[in-house]
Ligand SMILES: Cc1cc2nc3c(=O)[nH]c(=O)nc-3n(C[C@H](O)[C@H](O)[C@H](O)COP(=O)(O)OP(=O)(O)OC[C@H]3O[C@@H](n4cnc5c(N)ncnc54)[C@H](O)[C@@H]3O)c2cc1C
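One chain is shown next in C-alpha cells, namely the form predicted on its own.
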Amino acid sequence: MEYYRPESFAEALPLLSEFGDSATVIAGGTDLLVDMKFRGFRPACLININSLRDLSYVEENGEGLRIGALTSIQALLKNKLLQEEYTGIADAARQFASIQIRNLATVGGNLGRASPCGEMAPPLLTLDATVVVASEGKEKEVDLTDFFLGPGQSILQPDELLREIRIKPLPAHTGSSYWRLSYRDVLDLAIVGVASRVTLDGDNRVAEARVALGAVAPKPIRAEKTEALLKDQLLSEDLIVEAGKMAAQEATPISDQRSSAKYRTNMTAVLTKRSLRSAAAAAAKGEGEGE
C-alpha cells in the first residue's frame, strides 16, 4: 500500500488526479478502518487528508453558513451558532455515535460515505444545502439532493474531494429538528431518521416546509409530497398527523437484520410527527431551538 499525508487541500488534489481509481481517501476513518480490519478491504493507495486543517471550520456571513468538509461531528455539536440557529444539524451531531467517534468522524466523510442511514444528510437536506466538490484546477457547487446516487454511491469522481457545505440564510421564524430511532440510543445505526424544517408566517401558517428521511430508501431523500401537503396550511395537530402518514407513504424501506420494512414505515410516521412538532415549536418562538 502506498501512503500519502498531504498538508493542504492544494497538495491533496494532484495526488487524487495522479492515482485515480487506485486511491482511497481517509479522514476520520471511522468506517474505512472497519472495512480494512474486518472486511478485507485493501486499498492500493491511501491518502490521509486528516491534516488538512484548512477544511475544518464553521463560518457565517451575509451569504449564509459555510462548513468545512473536515469539520468533526463533535465540533458541530459544540458550535453555539448551530445550537441556536441550525438546530437540526446540532440534533444530528448530538445523536451521532459516541464522543470517541464524534471526535474522529467528519461531516464530509459522513456525506461522502453515502450511507442511506447517515446522520448528517437529512438535516442538511432540509436546509437546502449545497456541497462544493473540487478536483485539480476546478470545482463545482451541487445541490445535496443531487449528490447521492444510491447505497454507498455519490457523484464524487476518483479525482474529486468534497470541500465545503453551504447553506443560505434562513428566513425569520424558522425552526429545524432531527429525530432518529435505534436500539441502543446513539451507539447503533439509525433504523429511521427524520429531519424537518418549518418556516411560519404571522398567522401560524406554514410558509415553507422541508422533510427529509434517512434509512428508509436507497439514499437519503426529501419527502416532497409531505412538504407540499404542509405548505401554505394553517399548522395544527391534525395537519401534522396527516404529514406523518404522507411521509410513511413516501418511504420505501427494506427489511434487514435491524428492522422490518413495516416497522420502519410505521416509525417514519411517528418520527415525522415528532420532528415537525419540534421544528414548529422553535419556529413559533422565532428561534432555531429544537427539542
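Residue positions are given as counts along the sequence shown, with the first one as 1. All of these numbers come straight from a predicted model, not from anything done at the bench.
The form predicted together with the named molecule exists for this protein as well; it is not shown, and the discussion that follows is about that form.
- A heavy atom within 4.5 Å of the named molecule in the predicted bound form is found for one listed residue only; from 205, 78, 113, 140, this is 113.
- Of the heavy atoms in residue 170, none are within 4.5 Å of the named molecule in the predicted bound form.
- Within 4.5 Å of some heavy atom of the named molecule in the predicted bound form lies at least one heavy atom of residue 95.
- Residue contact check for residue 99: none of its heavy atoms lie within 4.5 Å of the named molecule in the predicted bound form.
- In the predicted bound form, the named molecule stays beyond 4.5 Å of every heavy atom belonging to residue 44.
- Just one listed stretch, out of 81 to 89, 161 to 169, 210 to 218, 194 to 202, contacts the named molecule in the predicted bound form at the 4.5 Å heavy atom level, and that stretch is 161 to 169.
- Although the named molecule is not shown here, in the predicted bound form the stretch 112 to 145 places heavy atoms of 112, 113, 117, 118, 119 within 4.5 Å of it, in sequence order.
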